[in-house]
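Listed next as structure tokens is one chain, alone, in the form predicted alone.
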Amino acid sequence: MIVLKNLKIVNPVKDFNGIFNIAIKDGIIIDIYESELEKKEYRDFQHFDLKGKVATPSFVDIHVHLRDPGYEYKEDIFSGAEAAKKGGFTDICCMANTNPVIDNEEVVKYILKKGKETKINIYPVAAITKGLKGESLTEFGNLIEAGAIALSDDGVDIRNAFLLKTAFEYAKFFNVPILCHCENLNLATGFMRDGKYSTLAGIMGNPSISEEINVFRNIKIAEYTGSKVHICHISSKGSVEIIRFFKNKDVNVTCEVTPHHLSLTDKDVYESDYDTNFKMNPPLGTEEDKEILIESLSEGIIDCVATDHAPHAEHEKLVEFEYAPNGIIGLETAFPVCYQLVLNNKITLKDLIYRMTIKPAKIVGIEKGEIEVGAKANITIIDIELEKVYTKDEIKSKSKNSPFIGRKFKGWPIMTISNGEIVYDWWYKRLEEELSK
């Protein structure tokens, strides 16, 4: 039983004007009342004075790689969950490219069982095809019955259009979305975005059409079958234009963008001196791409933010740019990186919170309440004034592959509450450390 005192509440739908206290019992918000009031019935509750910090619904990430089972040296469910908690997330969806692949009920059950021990909600995204090979479909019904929340061969685009059409038809029957990694492998033969900076760097480039062609194809197949389609990690102006076109036709399409595609460009790759922490798939786009992505997130054409958290061990990234694996970690820095858009008046804080909480939850069918009486107490506390450098030694993830190490950001989660329990607490631990000195 706790009371979170003196908070500014940023709720995606309902507005709260002023400073409030939030009373929590048995994992449920039982009261929200003005801060100057003292209620006798909460005298025996544990009180936390947050001194005007911001409270939001806890974050949801529908695109995370936990590497467990099979690649636990990079990340495992427990370390990934700790990174999520630090980033303010209580709900994360883990992708299927594990070993063994999440293509059978036993792996789904393994993830759910292990996930329960983390005190946050971890949802498996099952593979569309067996072994992610793009040859034959998995048993959708068995996987969904076991607890899979969506279907994706993320990291691999399904080349066989007939197989993808069949997958959409089956997914429609089970009312689950297919999450599409869109990449034409005949065109995607490079290692950064094709253009001026790939030429200057002497690195073979991927043209943006390698993404856009399959964005169009996959949505068109979903339109034909009347299915739900979600486009993962879009990175180009052209992809936005295609998605806008189909949304205007009322096709059931949603999409996501990563914090790194909202904040970095191919110029950063060029200026990084071949730092492989800037290598990702899809590759970082141009400045124009970035600005269009930001504008489209604010406008709502892009539905949500997802991190595509992709841990890799240090030795795997310490190779030539061409040979390094794609991807970066992102759970711990997602909000502060995106909050820079708020500071630069590119998006409102309320809209950003919506696209990190309620909207991604709707896409995959997660029950996600707001901050209101009767709702589950899943809350993130943010110090929007806290400015600090992101350092390697503070990273909770097993892997440290982030291009943001050494950069200063403003606006950091300081406390995460999952089902009424404080699962991450930077604020009070810091105060205790200072008092003990």
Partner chain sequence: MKFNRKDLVSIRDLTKEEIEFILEQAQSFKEINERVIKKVPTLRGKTVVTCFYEPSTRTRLSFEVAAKRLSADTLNFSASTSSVKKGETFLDTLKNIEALKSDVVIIRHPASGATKFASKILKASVVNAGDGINEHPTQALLDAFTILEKKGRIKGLNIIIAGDILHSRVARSNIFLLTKLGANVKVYAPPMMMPRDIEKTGVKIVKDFRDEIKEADVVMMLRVQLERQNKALFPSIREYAKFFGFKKEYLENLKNDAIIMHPGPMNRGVEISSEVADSDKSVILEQVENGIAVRMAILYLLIGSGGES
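Numbering follows the first chain given and starts at 1. In this text, all values refer to a predicted model and were calculated from it rather than measured experimentally.
Quick note: we don't show the form predicted in complex with the partner chain, though the next part is all about it.
- At a distance of at most 4.5 angstroms from the partner chain in the predicted complex, none of the three residues 49, 52 and 384 contributes a non-hydrogen atom.
- Interface residue among 299, 322, 145, 268 relative to the partner chain in the predicted complex, by the heavy atom within 4.5 Å criterion: 322.
- Interface residue among 199, 166, 326, 252 relative to the partner chain in the predicted complex, by the heavy atom within 4.5 Å criterion: 199.
- Among residues of the shown chain, residue 78 is not one whose heavy atoms approach the partner chain to within 4.5 Å in the predicted complex.
- When the partner chain is considered in the predicted complex, residue 134 lies well away from it, no heavy atom lying within 4.5 Å.
- In the predicted complex, residue 204 approaches the partner chain with a heavy atom inside 4.5 Å.
- For residue 195, a non-hydrogen atom is located within 4.5 Å of the partner chain in the predicted complex, even though that partner is not displayed.
- With the partner chain omitted here, the record of contacts in the predicted complex names 314-322 of 288-296, 220-228, 314-322, 104-112, defined by a heavy atom within 4.5 Å.
- Along 262-279, residues 270, 272, 273, 274 each place a heavy atom within 4.5 Å of the partner chain in the predicted complex.
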